[in-house]
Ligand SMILES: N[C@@H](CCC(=O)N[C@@H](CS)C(=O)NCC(=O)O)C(=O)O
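Take a look at this one chain, the form predicted on its own, written out in structure tokens.
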């Protein structure tokens, strides 16, 4: 199998961090989003929406969407569990991961693409950027409260919620956006950044 990847995009980064936490090695194939390689017919045959990451299996089957790929690897390699070990744990991890994805990363992505406009077809739009910036504080405050004094987003063990939130913070750094996170998020990010997986 092989993984189609772009090192600076948040969803591929989330998956690389996850794989590193699990100790799973998959060969990477670079796809340059800035140069538009995701729009070639060859790549669109693997990922019809032109999105990354894409996991191509040995039989040619291609899996898209980072969470679907993560669930595939969780089925193959259940230990250590990164989506929780009980029904309640899994629900809590998914809840926090979805807050990170849908409320923080999505708003940050809109802000990034409507200010920096790094990808082909992206257009600067101050009104959308302002709305996206205004949407960030509330979910970040919720995540700051949820983390509390725990070492990880969902408690005492790393989960996919950490992978997503870490990729989000790295995008904020690249976009030069100060998320103004609360003290628990600042502590968590500093600690998670020291983990070997953070370099993935």
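Positions refer to the first chain, counted from 1. Worth saying up front: this structure is predicted, and the values here are computed from it rather than measured.
As for the form predicted in complex with the ligand, it is not shown, yet the points below apply to it.
Though the ligand is absent from this view, in the model of the complex it lies within 4.5 Å of a heavy atom of just one residue from 33, 143, 55, 167, which is 33.
Considering the ligand in the model of the complex, the lone stretch of 6-14, 187-195, 173-181, 21-29 in range is 6-14 [heavy atom distance within 4.5 Å]. Contact annotation for residue 39: at least one heavy atom lies within 4.5 Å of the ligand in the model of the complex. The ligand is not drawn, but in the model of the complex it has no heavy atom within 4.5 Å of residue 159. In the model of the complex, the ligand sits within 4.5 Å of a heavy atom belonging to residue 51.
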